[in-house]
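As a starting point, one isolated chain is supplied in structure tokens, in the form predicted on its own.
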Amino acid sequence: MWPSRLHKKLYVTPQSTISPFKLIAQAAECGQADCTRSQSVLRIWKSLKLANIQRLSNMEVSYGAPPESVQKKFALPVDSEHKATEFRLFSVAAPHMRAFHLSWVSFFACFVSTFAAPPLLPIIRDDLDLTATDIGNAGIAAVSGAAFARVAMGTACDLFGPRLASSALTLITAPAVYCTAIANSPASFILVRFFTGFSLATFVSTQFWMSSLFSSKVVGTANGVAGGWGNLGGGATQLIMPLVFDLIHNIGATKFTAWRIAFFIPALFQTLSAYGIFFLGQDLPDGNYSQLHKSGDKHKDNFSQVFYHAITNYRGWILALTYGYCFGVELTIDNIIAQYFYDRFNVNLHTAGIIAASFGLANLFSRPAGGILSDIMAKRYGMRGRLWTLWIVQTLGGIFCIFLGKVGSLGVSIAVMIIFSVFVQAACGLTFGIVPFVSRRSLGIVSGMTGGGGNVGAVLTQVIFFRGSRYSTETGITLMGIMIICCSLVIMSIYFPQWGGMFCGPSSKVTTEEDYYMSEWNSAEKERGIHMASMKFSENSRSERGRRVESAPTPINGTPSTYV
């Protein structure tokens, strides 16, 4: 009976490593001291599917599926990295789905705060005597700060974890929202919008967090829904702020006082979401960064190496450019659309807010649909399917953007705007179905670069087309559509040697996922074993081969199978 007792004893943690000598020592504790003990130990070792037997004196090996006690550790089925292999939208189970809901709610709150001003601009404009240039500068300020903050946020996520990075930034930027209530000049109004806009960098922590908790099979869905529902705040605020303003105004406050009081609502919401993430969230399936660093279960990476591998990967720069003309366009529309319908079609403030809200509210399903579509296409066609779908959807978004600037009827404009919103937001979800595979080691910075590209695109678009009176708003929208189509063409140059690109298959040099992701680690780092997370990710990303995955060769030192 002693082998059964030993078999049970060996299962300590889902990824524990046991050397042969330790197995023999544990066998001795079970009361067996004769030579048959060693033979039984080796039989158990073999039955556990421990691979790559090398010298017994220095070799540690991983073994197969965990026991029932370990399987119950997570409410969702997980892979060898303990990333969830299923996405259960209506679950709040820790740590995977709880982190999902905390991240999108926090990002939603930051979006509400950043774009709380545009639906009230006709009132704020009269109170602060804002010119068209002032309004344009304020819109640019709201999205320009986040361009750099997003890269910094990616770095913070890599080094300190998404939980601490997200909660800190959300809390630090909340005072700027409160201070909007005391703005008394164009300059002060531009400044508070600038500092409030830094909170949009929480998008990076949201995407990084989801990529750290969900496997390649569902990461596009998780990123799409979290990002889409967060972006929903850009539409929700178009409804919320006019309603809050009307309520305060009807109670008895003057117009110029009511809009100031209204800003306390998004400010409080943002503050509460920061505390929620800090106290209820968890960085990784196995714990927070600080705990894992102390226990030695997670290596504290070298920043210079993380940064180097991010900025030298051209795929990240291309995705940053294309994201600038899907998410960047979305930010631009959030800034201009309410005033566009108010001025061009002479609708009242409340109606303009409802129309503008319909653009942002499409994020309820459009960006998640992009992420889901990315995963579906990858399942059948691999990474090449993700790339083709992104290019097609983003190009169609540009075409409908051109139509939006051309039509002159209120009803038709609303219809075209909604169709345009679906495609441009779906392109955002499709983009972050690709980002997690660009780099495993530098995921945070690559996510930050891509997210920052969205803000840079918004800044450039507003400076070129919507600042001052050089172009009418409808002409600016048309030209913006042309820019979308042109910038989406660079997607064709993205190529993964292990999977291929839009027009080319995998490299003829038989490059594997392990070759691609191990190239980010030098021999000294590999000897220390700090590359193992990338090794596990390499195996789990084989699904990006599409239908080829079933017949593709698998290295003999592959990581364990999915845990159910």
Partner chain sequence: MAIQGFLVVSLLFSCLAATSYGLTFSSLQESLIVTASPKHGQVLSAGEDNIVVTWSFNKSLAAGTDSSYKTVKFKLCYAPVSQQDRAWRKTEDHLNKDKTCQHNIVTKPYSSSNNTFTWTVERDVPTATYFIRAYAYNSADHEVAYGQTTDAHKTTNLFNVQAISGRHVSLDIASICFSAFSVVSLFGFFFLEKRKAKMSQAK
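Just so we're on the same page, rigid core means the largest C-alpha set that superposes within 1.5 Å between forms. Positions refer to the first chain, counted from 1. All values derive from a computational prediction rather than experimental measurement.
The same protein also has a form predicted in complex with its partner chain, omitted here; what follows describes it.
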{"property": "The unique member of Ile485, Ile261, Val463, Leu349 whose heavy atoms fall within 4.5 Å of its partner chain in the predicted bound form", "result": "Ile261"}
{"property": "Listed residue (Leu321, Ala236, Cys179, Ile402) with a non-hydrogen atom within 4.5 angstroms of its partner chain in the predicted bound form", "result": "Cys179"}
{"property": "Site test, Arg163, Leu171 and Lys255 vs its partner chain in the predicted bound form, non-hydrogen atom cutoff 4.5 Å", "result": "yes"}
{"property": "Contact label in the predicted bound form: Tyr314 to its partner chain, heavy atom within 4.5 Å", "result": "no"}
{"property": "Touches its partner chain in the predicted bound form: Leu130 (any heavy atom, 4.5 Å)", "result": "yes"}
{"property": "Partner proximity in the predicted bound form: Thr85 to its partner chain, non-hydrogen atom cutoff 4.5 Å", "result": "no"}
{"property": "Ala274, heavy atom within 4.5 angstroms of its partner chain in the predicted bound form", "result": "yes"}
{"property": "Listed range touching its partner chain, judged in the predicted bound form by heavy atoms within 4.5 Å, from 286-294, 418-426, 190-198, 489-497", "result": "286-294"}
{"property": "Heavy atom within 4.5 Å of its partner chain in the predicted bound form - qualifying residues of 402-421", "result": "Ser409, Gly411, Val412"}
{"property": "Threshold 2 Å Cα movement between this form and the one not shown for Gly139, core superposed", "result": "no"}
{"property": "Large Cα move at Phe160 between this form and the one not shown, threshold 2 Å, rigid core", "result": "yes"}
